Structures are given as C-alpha cells and as structure tokens.
Ligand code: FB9
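So this first bit is one chain, no partners, the form predicted on its own, shown in structure tokens.
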Amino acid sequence: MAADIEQALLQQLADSADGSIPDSGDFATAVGQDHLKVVGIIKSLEAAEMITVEDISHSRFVLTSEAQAYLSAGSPEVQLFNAVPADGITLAQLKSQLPGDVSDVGFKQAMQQRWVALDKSAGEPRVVRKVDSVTDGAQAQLAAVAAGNELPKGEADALKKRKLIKLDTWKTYRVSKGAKFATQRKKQATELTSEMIASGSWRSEEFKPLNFNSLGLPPSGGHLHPLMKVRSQYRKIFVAMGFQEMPTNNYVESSFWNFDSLFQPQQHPARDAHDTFFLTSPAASDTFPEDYLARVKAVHEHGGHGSAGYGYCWKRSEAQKNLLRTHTTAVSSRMLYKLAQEGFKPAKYFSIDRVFRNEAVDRTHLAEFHQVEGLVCDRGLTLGHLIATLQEFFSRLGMKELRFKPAFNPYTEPSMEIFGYSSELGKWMEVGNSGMFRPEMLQPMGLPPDVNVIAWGLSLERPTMILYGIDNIRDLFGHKVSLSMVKSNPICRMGL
C-alpha cells in the first residue's frame, strides 16, 4: 500500500505542469489515504533528495467535548430558561432538575443576558422569567463551527472564553521535484558484497552514504551504586598512602575477636542482645589460640602492662558466642595478632566492609552499614603521628579543616572524635573516631612493648549521602533504592 501511494505521488509530480503538488492534504484526500501515512512517505522521499517540501500551516476552531453535548440539547442558558416555568421556581428546585455544570453555567449566562431574575421577596429565592422566549444563539454558533464555517472574531472569542471551542492547528506540505527526482525509487545498497565484486554490478549500484557521526546504541551494561563509587575513591586514597587492604569476608565473628581481644569487658553494654545480633546456629566457637586466650583472660581479670584490668571473673563461654561483627576492628585484631606471630614489621592496613548492629531503623540508621577503618603499626608512634595522618587522609578527601575532641573507647587511649568542616553544609560535623590502641590489647598479642598502633574509623553511608544529596538512608541502601537513581547519579566527586 505504501508503495502504491509513493508511486502515485511521484507520477503526479512527473505529470504536473509546474512539477509540484500544491497541498499534500488534498493529495491524501484524492488517493483516499490518511494524511499521516502520506507524510511518512514524503519525509522518506525528502531524505533521499527525490523531492523538496515546504510547510503549509493550517488552523481552525473545533468544538470541545463539552460543546458537543450542547449541539443537540441546547446551550446551558437555554436549557435553564426552558426549565423555569411561567410562575417561577425556587433556585434549589431548579438546580436539582439540571446537571451541576449546566445549572451553574446556565444560570450565570441567563442572568447576564437578562432572561431570568432572582426574586427574594418571598423569603426563599425564586427564579422567574423576564422574557417570554429566547433564541439559542450559542447553539447556532456551535453548529456553524461544527460545519467548518468561520465566526466573527467577537463571537469566536466569546465561545473560546467559555471553553466551548479551541484552536486546532496542523501542517500540510507543498511538494516539488528534488535534485534526484525519478518516477521510481532505486534502493540504495548498504554494503559491498563479494557477489557485487565478482559480477561487477557494484559499478552501477548506488550506495547509501555512511554516517560517521552516528553514536550507535548506548551499551546496556550495569551501573555502579553510589556507595560503590565512594568506596572506590576511599580505596584509591588508602592505596596511594601505602596501605594494604585487610580480608573482611567473614561477617560472622566470635565474641573473643570482636570484643575480648580488644580489651572490651564482658559486661560492656555493647554485648547486650539489644545492640548485637547473636547467632543461634552455630551459637559458639571453640577454636582459639589457647596461649593468647589465656593472656587476654589474665589482662581482663588482673590487668598488666601498666593497667589494673577490670577485676571480674572472665568467662570463656561469653567469648565463645558467635555474632554478626559489630565493627571491622575485629578484623584488625586478627591481623595484628598474625603480625605479632609472624615477626613484627611496620605495617599499614585498611578495610571497608559491612558491619551489623541491632539499631532501630529510621532515616539515618540501618541495622547494617559500612565501616571504613585504617591503622598504622610501628615503633614510637605518638598522638602527633595520628593527627598528622588524619590530616593527610582527610585532605585527600577534600576536607582541609579538622578539629579533634577527647573521647573514650575501651580499646584506645588516648581517643579522639574527628570533626570536619563541610563547605556544602556550611557547618562542622563529626566524621569519625580515632585513637591509639591500648597496651592491654597489643602486648598480649605478642607485639613488642615499644610498638604502637594508631587507628581511625568512619562511616561510608554518611559522606555518600552528603555527596549525592540524599537525606534518607533507606533511599541509598536496601530494597527501597531506586534503580534510576543508581543509573543517573554522576561519578563520585570528593570534596566534602
């Protein structure tokens, strides 16, 4: 069918005295086809340079859906006038007899034209006629529009103001012969084949030009989550500073490595089930370095290395309990113990992975989140080394201004909370915690007495929410995350 329309159009152009078709709309009517189908063929021929086209703009008023109902029933004002009996009717009764839109609009229009009046002399308002009969001019005007006739400007403006007519616009085209006009379209070859070369037919073929500016289809690959983008930036900073990543693939940990080895007492509130997820199967572990476990028990009960200890009866059963790790510092304790057993040498470690705490879920807290942790182990380290390392680390994140506040942690002394100034938020905010691991933690591992460890930790979710303007953590992490947000967010830009 499309080929027949195309052939008829090209033949009419060839037979035309001036080589043109004045209006594509008239052509579509003549061949009995929808104009849109004809337009598609015209655009295809224009792209092949067989024809040229000129736009012809058309416009006319057409009835709205509301006006269509008034063509047979009459305008609202006439319907209302006809509903008013000779002796009048209460306003409430009149409105009950007519649809709401007809009674409201009709009453307003009939009052403006002084066809009816409102009589309030008898108490309840009554609508009475002021004329004996009326002519429905609005209905006649709508019928004229429906028939395709033009209205005087004043009448058209009045109907347009009442939203009974609207302006309909469309385009048709004047079609003329193009540079490559022919009565038959020759299909262009899209590729040079071996058969064309063998037969020599390529010499008479017309090849479709190559579009070297075409970008092709975008790849349908995956997209990195904002958390992964920020995590990647953190990892690059740590690696650039000479840190080695710790293995963090064990989400399940024993209380011994998660708490006891860090010199955290067994009656500490963090070990309560309201704060920690304990496992029921397997509920306990029993594989520990026994000599190290004995030293940890001794330092908890009686102290040592300059400490008085906690002075309580340390229980192996508490240390055996399995849990979902509450911090990646449990991995740090394993790595430091391993370092002591293999023979101490200076080391820099970091980790970025999930931890789990029994938190009440709200817009800023989840039961699982990511912890970023870094530590440096060497002889003679001081608090000054910790501050300088933190300043270098956070400056690479784009946070140049830091403040420190004394704090308490069971396994670090001294301890400091880290505050940074956010230029985006225009205020100081807590960005992490830090400190120097206690001798009561390090020396039972077998590390030399002159070895110190400086360490710090921070969240991954909080800076990501700031960087990407997300104010609810459930929009960033979990089953409610929008996949379109993951796809559309830009690459991570550091500079908190």
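Residue numbers here begin at 1 and follow the sequence given. Just so it is clear, the structure is predicted and the values come from calculations on it, not from any experiment.
Heads up, the form predicted in complex with the ligand isn't pictured, but that's what we're talking about next.
- For S75, no non-hydrogen atom is located within 4.5 Å of the ligand in the predicted complex, even though that partner is not displayed.
- By the criterion of a heavy atom within 4.5 Å, S255 is excluded from the residues contacting the ligand in the predicted complex.
- Within this chain, S261 is remote from the site of the ligand in the predicted complex, having no heavy atom within 4.5 Å.
- Proximity of E54 to the ligand in the predicted complex falls outside the 4.5 Å heavy atom cutoff.
- H365 is the sole member of K166, H365, R174, K171 with a non-hydrogen atom within 4.5 Å of the ligand in the predicted complex.
- A heavy atom within 4.5 Å of the ligand in the predicted complex is found for one listed residue only; from M50, L458, I42, V451, this is L458.
- Within 4.5 Å of the ligand in the predicted complex, a heavy atom is found for all three of T329, R462 and I466.
- Only one segment in the set 156 to 164, 77 to 85, 240 to 248, 353 to 361 has residues whose heavy atoms sit within 4.5 Å of the ligand in the predicted complex; it is 353 to 361.
- Contacts to the ligand in the predicted complex (heavy atom within 4.5 Å) from stretch 401 to 416: N409, Y411, T412.
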